[in-house]
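Below you'll find only one chain, the form predicted on its own, shown as C-alpha cells.
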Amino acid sequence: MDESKKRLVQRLMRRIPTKRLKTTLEKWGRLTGEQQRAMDSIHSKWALTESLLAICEENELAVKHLTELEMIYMIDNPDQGMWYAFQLTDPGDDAQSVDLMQFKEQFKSHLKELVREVSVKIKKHTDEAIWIRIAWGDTYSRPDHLKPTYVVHYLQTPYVFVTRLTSKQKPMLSQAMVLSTRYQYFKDANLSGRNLTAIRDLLMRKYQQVFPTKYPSPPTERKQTVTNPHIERDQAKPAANRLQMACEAFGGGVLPQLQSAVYKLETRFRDHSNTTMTEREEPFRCVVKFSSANLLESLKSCASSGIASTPVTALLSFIPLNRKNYFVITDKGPVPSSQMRQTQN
C-alpha cells in the first residue's frame, strides 16, 4: 500500500469513534463477512487501524473506495467542524429543471475546467441533500485527500452549506455552483455553526415559527409552590405577554441549535465625558459575540423569564428573522456583510 492511502486510512481511523466503526464499515460494504467479524473482535484502536490497512491491501482497495468510507461517516455524523451557509441568487429560467444527473455532470465538468488536479465525489442522501466531497490539487500537485472540502446542496433550492473551504478555493467552487445550477451569483449568507442541521433548519425555516396571537396563559410547571392568588393573578398577564413576545421573536417548539452570534460594530463613539473618543472621525470598532450551547433557546428563555427586557431588541430578533448570525452594525443600523468566510481543517 502506498503512503498516501496509508495516511488516509490512519486519518479515517482517528476520526471515527470505535463505537461507530462497526456500523460505518457495514454501510461501506467493502469487507467480507469474515473480515468484518475479525474487525469486530478487536478493541484496540491501533490494532483496528493495522487490521484495516491489511484488509485494504488484501482487497486492493483504491483511494476512491476509502473516500466512500469517509463520506458515509460524514453524512451520518455531519457536525464535524464549522459549517458556513451560502445562497445562490438570480436564478435563470431553467434553474428549477436541473436534475441530479445534470448537476453531477456539469459540476464536475466545470470544476475540472477551473482546477487541473481535483477529485470530486457526489452522493445523494435520503433527505434529498446532495453531498459533494472535493479534494483539491493544483498545477503542480495531486488532489490532497487529507484536507477535503464538503459541500451540501439541496436541488431546486438556493441553499448551499460548506465546510473546510479556503479563500483560495472559494471562487472556483462559486463558479462551478452557479454554472451547474443556472444561477447568477453565489453569496455568503452570514450564517455559520457546528450543527449542520441547525443552520439548515434556520436558513430553510424548517422549525416552528410563532406568529402574533395571544397565549391564554403561560406554561405551568409540574411542581408549583403555594403562592398568594392575588399576586399570581397580577403576574400572570405580564408573564404571558413576555412568553408571547419571546416566541414571536425566536420561534416556538424546538429551536435550531446555534452556538453563537457575532456583531461587528462600526459606529461613532458616544460618551460626553470622553471628548477624545467622541470627536474622532473614524468609527469605533469592536466585536461582540454571544455564545451558548443553544443560543436561540437561551435568548428566548431570558426574554420569557424577565431576565431580558421585552419586546426583544431588533438586534437579537434579527437572528431568526434574517436567518443570519453575523452582522455588521453601523450608524445606519445592521447592514449586509461581504465578509469572506474561511475554514481550516
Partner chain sequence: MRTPLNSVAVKRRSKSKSYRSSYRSGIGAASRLSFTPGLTSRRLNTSRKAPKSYKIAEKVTKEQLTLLVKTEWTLSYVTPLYRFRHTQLKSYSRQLSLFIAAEKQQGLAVDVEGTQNTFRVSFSLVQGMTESVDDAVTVLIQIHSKPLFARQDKPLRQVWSGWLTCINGNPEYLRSLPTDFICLPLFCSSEAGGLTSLVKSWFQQSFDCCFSPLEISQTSLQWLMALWTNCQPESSIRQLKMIWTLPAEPQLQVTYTVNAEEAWELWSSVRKESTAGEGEENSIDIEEVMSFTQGLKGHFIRHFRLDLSAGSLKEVSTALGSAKHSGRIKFSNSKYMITTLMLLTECALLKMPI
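Keep in mind it's a predicted model, so treat the numbers as computed, not measured. For clarity, a rigid core is taken as the largest C-alpha set superposing within 1.5 Å between two forms. Residue numbers count along the first chain shown, from 1.
Keep in mind that the form predicted in complex with the partner chain is missing from the display, and what follows is about it.
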- So which of 47, 315, 63, 38 gets a non-hydrogen atom within 4.5 Å of the partner chain in the predicted complex? 315
- Name the residue from 90, 93, 271, 99 that puts a heavy atom within 4.5 Å of the partner chain in the predicted complex. 271
- Task: Heavy atoms, 4.5 Å, the partner chain in the predicted complex: which of 116-124, 271-279, 178-186, 156-164 makes the cut? Say which one.
- Result: 271-279
- Message: Can you confirm whether 32, 34 and 80, the three residues that make up this candidate site, all sit within 4.5 Å of the partner chain in the predicted complex, judged by heavy atoms?
- Response: no
- Does residue 267 make contact with the partner chain in the predicted complex, using a 4.5 Å heavy atom cut-off? yes
- Query: With a 4.5 Å heavy atom cut-off, would you call residue 285 a contact of the partner chain in the predicted complex?
  - Reply: yes
- Task: Verify the contact flag for residue 59: yes if a non-hydrogen atom of it lies within 4.5 Å of a non-hydrogen atom of the partner chain in the predicted complex, no if not.
- Result: no
- Task: Mark residue 289 yes when one of its heavy atoms lies within 4.5 Å of a heavy atom of the partner chain in the predicted complex, and no otherwise.
- Result: yes
- Message: So, superposing on the core, is the move of residue 269 at the CA at least 2 angstroms between this form and the one not shown?
- Response: yes
